[in-house]
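Next up is one chain by itself, shown in structure tokens, the form predicted on its own.
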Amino acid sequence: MAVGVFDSGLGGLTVLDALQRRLPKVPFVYFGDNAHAPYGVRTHDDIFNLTCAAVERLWAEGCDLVILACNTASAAALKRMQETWVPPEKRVLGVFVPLIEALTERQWGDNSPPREVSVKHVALFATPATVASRAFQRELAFRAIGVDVEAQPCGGVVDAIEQGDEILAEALVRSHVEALKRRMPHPEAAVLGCTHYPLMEKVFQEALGPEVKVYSQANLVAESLADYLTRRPEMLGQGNDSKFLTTGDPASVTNKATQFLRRRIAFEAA
């Protein structure tokens, strides 16, 4: 009954932590492609191929359902995977849709035509590859009209977080917020479009100001998955064990992950 969770590095652990709290009886297999992180500066073909390889590894662990807890993979690879690669008996889901549903105040599965929503000016902070894909804007357009999105590629933030350099990460976040506010001085909402960014949520909020509502993904994805599994319990795979896999050095990734979540997490080689 295991569910797979994939990220290019450690950021997906923010989603995994929320999933484990919301679904304590479900075993999760986490796969971090740390050897190839970050994905945010790679080509779409490269991201597609790396993501497919990781998903296949999770399928081998008995995870028929895999969550791409990586916005870059969700933006650059998921649509192509679903249309051309994922077999009918498997499911691969991304992390964008629950976020957009919350932003547009629509229930899961609401396929009514796009309509006007209360939020008109949205700031999107994401990796360069996610911004270049325009996947957020495309998904948003299915659900809402009249929303102005200003996207800011946040180069360097993921690297700083992965390296544990909190001072550099904070400085980069403030710099990226300043750059966005020069183009959109008064955003009403801000979307943290990378699963690493919740660790910097307080810094984003301080830099944006208290009047801006900041949307972060982890809890939204957890609620969405709980709802999905209620309706599709057959998508729980055959695996029974929780584990953490990495393409990087297990000892190094274990140390960083333990600092990341402030609890002991032991990775093994994928």
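All residue numbers refer to positions in the sequence shown, first residue = 1. These figures come from a predicted structure and were not determined experimentally.
As for the form predicted in complex with a small molecule, it is not shown, yet the points below apply to it.
Colleague: Is it the case that V158, even though its partner is missing from this view, gets within 4.5 Å of the small molecule in the predicted complex, heavy atoms only?
Modeller: Yes, V158 sits close enough to the small molecule in the predicted complex that at least one of its heavy atoms falls within 4.5 Å.
Colleague: Spell out, yes or no, whether the shortest heavy atom distance between C194 and the small molecule in the predicted complex is within 4.5 Å.
Modeller: Yes.
Colleague: Indicate whether the small molecule has at least one heavy atom within 4.5 Å of a heavy atom of F31 in the predicted complex.
Modeller: It does not: once the small molecule is placed as it appears in the predicted complex, F31 has no heavy atom within 4.5 Å of it.
Colleague: Which single stretch, out of 49-57, 239-247, 204-212, 65-73, brings residue heavy atoms within 4.5 Å of the small molecule in the predicted complex?
Modeller: Result of the contact check: 65-73.
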